[in-house]
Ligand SMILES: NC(=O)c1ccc[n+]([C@@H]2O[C@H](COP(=O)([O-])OP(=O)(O)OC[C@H]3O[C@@H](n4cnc5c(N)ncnc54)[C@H](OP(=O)(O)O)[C@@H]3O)[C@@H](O)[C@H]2O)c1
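One chain is shown next in structure tokens, namely the form predicted alone.
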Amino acid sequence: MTILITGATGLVGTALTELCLEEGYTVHYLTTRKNKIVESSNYKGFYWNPAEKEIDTAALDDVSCIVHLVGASISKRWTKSYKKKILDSRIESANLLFETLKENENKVRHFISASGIGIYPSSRTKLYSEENTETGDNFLARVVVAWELAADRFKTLGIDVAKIRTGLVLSARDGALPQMVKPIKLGLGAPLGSGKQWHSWIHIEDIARIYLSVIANEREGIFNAVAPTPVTNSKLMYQIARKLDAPYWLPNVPAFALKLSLGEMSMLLLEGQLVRSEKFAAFGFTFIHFNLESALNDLL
């Protein structure tokens, strides 16, 4: 089976690509940098430039499933121009894939799109499952709504669509965890804001396995990709400090200070959602890292 992955060199894409190759899949990937194109018997790169609507259609050869992970990082300051880049990088790339499939003969029957639990309203008390239809009223929620609408267009081509609403991905290599570790190692660890906001997290190994499960079982629909044991910000920071044997005594970092330094992007640290993955629980999916202690023992 041949899979086409966008964003294959990103945090989740790298882990998924490695897992797919281990399982015997052939992986095609799209890149905007021609010097990143490599070719082997089961791993092949192809050039594309969504902003210019350019794509090497040979990337679709024998592909039955597309995993769409590409998108500009949300962890850079949200200036007006960068907010446009966050949105455009997701929508323009999905639209280019859609038009390419529409205009070219292909064998694609399954489209899997990354998404985010940021679509749900921030809440300290409400538990969200895949059945909840409420959406937040902020920039990130609007991005996720547009992202999912772009994915849904593929249904008009007779293609099954899955949307993976991902929580906070924990990885030692990149993402949020290394940024949390830095101040804690310096003895500056502290809860952010109230510390009561939820982090519905997932280990990098498990998110890759979730994507592989959706691919292998050709699942469609909305899926929450989070571990079964969400934690508050205060508990997350404390557990990291304990694992690193670092002091953890400073008072909470005031919300206003984070808003002054980070602007609108501070919502990533000060707000959160309590999310459950009911569908994967029903499927009997087994998490390797069920709780935070297991995840941090592995990563730190």
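Numbering starts at 1 and follows the sequence shown. If you're wondering where the values come from, they're calculated on a predicted model, not measured in any experiment.
One more form of this protein, predicted in complex with the named molecule, exists but is not displayed; see below.
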item: Position in contact with the named molecule when the complex is considered in the predicted bound form, options 27, 70, 59, 65, heavy atoms within 4.5 Å; value: 70
item: Heavy atom contact within 4.5 Å of the named molecule in the predicted bound form, the stretch among 154 to 162, 188 to 196, 214 to 222, 88 to 96; value: 88 to 96
item: Contact of residue 32 with the named molecule in the predicted bound form (heavy atom, 4.5 Å); value: yes
item: Non-hydrogen atom contact residue 20 with the named molecule in the predicted bound form at 4.5 angstroms; value: no
item: Residue 12: touches the named molecule in the predicted bound form, heavy atom cutoff 4.5 angstroms; value: yes
item: Contact of residue 272 with the named molecule in the predicted bound form (heavy atom, 4.5 Å); value: no
item: Stretch 152 to 171: residues contacting the named molecule in the predicted bound form, 4.5 Å heavy atom cut-off; value: 166, 167, 168, 169
